[in-house]
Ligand SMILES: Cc1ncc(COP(=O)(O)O)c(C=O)c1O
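Next up: a single chain in structure tokens, the form predicted on its own.
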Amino acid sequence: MPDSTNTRAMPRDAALRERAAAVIPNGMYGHQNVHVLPDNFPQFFSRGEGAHIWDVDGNEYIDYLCSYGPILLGHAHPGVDRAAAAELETSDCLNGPGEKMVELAELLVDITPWADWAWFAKNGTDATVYAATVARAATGRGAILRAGGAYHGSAPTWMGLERGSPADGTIEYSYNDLASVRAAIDAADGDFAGLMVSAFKHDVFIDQEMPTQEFAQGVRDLCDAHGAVLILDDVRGGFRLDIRGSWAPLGVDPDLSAYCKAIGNGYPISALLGRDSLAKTVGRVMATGSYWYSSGPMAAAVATITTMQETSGIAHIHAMGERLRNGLADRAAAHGLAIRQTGPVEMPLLIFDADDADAKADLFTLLEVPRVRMFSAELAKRGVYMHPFHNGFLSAALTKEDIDHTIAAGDEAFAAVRAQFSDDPTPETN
């Protein structure tokens, strides 16, 4: 277990940050830049094993971020690494793909009841952008509906070229609000090509929200009525919530489903699954990349999925998530702190009511969310890596001992928050 003595020096991390600042814009970029995180969060890491990671200074942490989602079975999983290494030994980047591409496509179609084909790339953004392209090509229309505040990748299709600029050809609706979907369809004025929807609502530092049955079936029916394509962005939820796809428990099937993150347990691969009715469109709409056909990541994906099936990995992650959520709720209540834990237990998010998070849901004001920042910093001191405002990800490598260590660390972190914010009102009890 990680050291809980709170003495975590990071001199090597500081030196690397100084070197990086001289040769990398802003010292780091993208979502893995820690400039908005507490000061004791390391920027650089040296290794991972199972559910634990070590920074470059040797400090150990129980990992509840899992590289922002890709690690599903645990870091350095021997079965996955062996499968990838076997392909690398014979060179996995050739003039064409290897046998593993067909094997992986067959596996994905086999475990996904509604899907007839699979397409592969490297990043989640590759898959979601191509899904929008396919929807437009198949329908001959241009507008893609997307939930306001939803993240589907860093391409202009979803984010715009500048902060605050509109994304290309998209119209926003509100998640779990069918009336707003109908209004967006009306706004498209006959140009409705497709609707992109996340498996659940996971906007940054906003209460995560699971889809209602009415909403899921409603968007399915509306797409059918208008001849549009329903696209499920399962990049975050895929293979953690249900091996068949995150909306399978709702009984609602999309026309296209985008996967990435957990599919290869850290190896770079994404996938788009689709119906036979869209296969001809995919066959004629060009999208490719020199590294998209590499066999190593495809072998890793086959090993990851089959291991999850053989070990009941999803059930184990769910059980660990329930244990963690219940334990943290109990410890917060013991210290008289009102918190919210939302979304699926496999991808937890913890918010302090007193932080008034909904009013600060802006990437540029996250430094103003003091309680959860202090809580995550106190956890880091005690060897627990839990992001302050991005939803977490649990891996199948977590043990009861890991969870219990985290709950104990959480108890001390809640105590520190209560001491710092002693004037906060205590939650009402029945």
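Remember, it's a predicted structure, so these values are computed and weren't measured experimentally. From 1 onward, residues are counted along the sequence shown.
Only in words, not in the display: the form predicted together with the ligand, which the text now covers.
Chemist: Heavy atom to heavy atom, is Thr157 within 4.5 Å of the ligand in the predicted complex?
Modeler: Thr157 lies outside the contact set for the ligand.
Chemist: Can you tell me if Tyr151 lies within 4.5 angstroms of the ligand in the predicted complex, counting non-hydrogen atoms only?
Modeler: Yes, contact at 4.5 Å.
Chemist: Please determine whether Leu72 contacts the ligand in the predicted complex, using a 4.5 Å cut-off between heavy atoms.
Modeler: Contact check for Leu72: no, nothing within 4.5 Å of the ligand in the predicted complex.
Chemist: So in the predicted complex, is the ligand close enough to Ser180 to count as touching (4.5 Å, heavy atoms)?
Modeler: Judged by the heavy-atom cut-off of 4.5 Å, Ser180 is well away from the ligand in the predicted complex.
Chemist: Check, residue by residue, if Thr125, Thr128 and Asp233 all come within 4.5 Å of the ligand in the predicted complex, counting heavy atoms only.
Modeler: All three within 4.5 Å in the predicted complex.
Chemist: Going by heavy atom distances of 4.5 angstroms or less, which of Cys260, Ala299, Leu273, Leu195 would be at the interface with the ligand in the predicted complex?
Modeler: Selected option: Cys260.
Chemist: Thinking of the ligand in the predicted complex, which stretch from 217 to 225, 117 to 125, 312 to 320, 139 to 147 has heavy atoms inside 4.5 Å of it?
Modeler: Result for this chain: 117 to 125.
Chemist: So which bits of 191 to 229 sit within 4.5 Å of the ligand in the predicted complex, heavy atoms only?
Modeler: Only a single residue, His202, comes within 4.5 Å of the partner.
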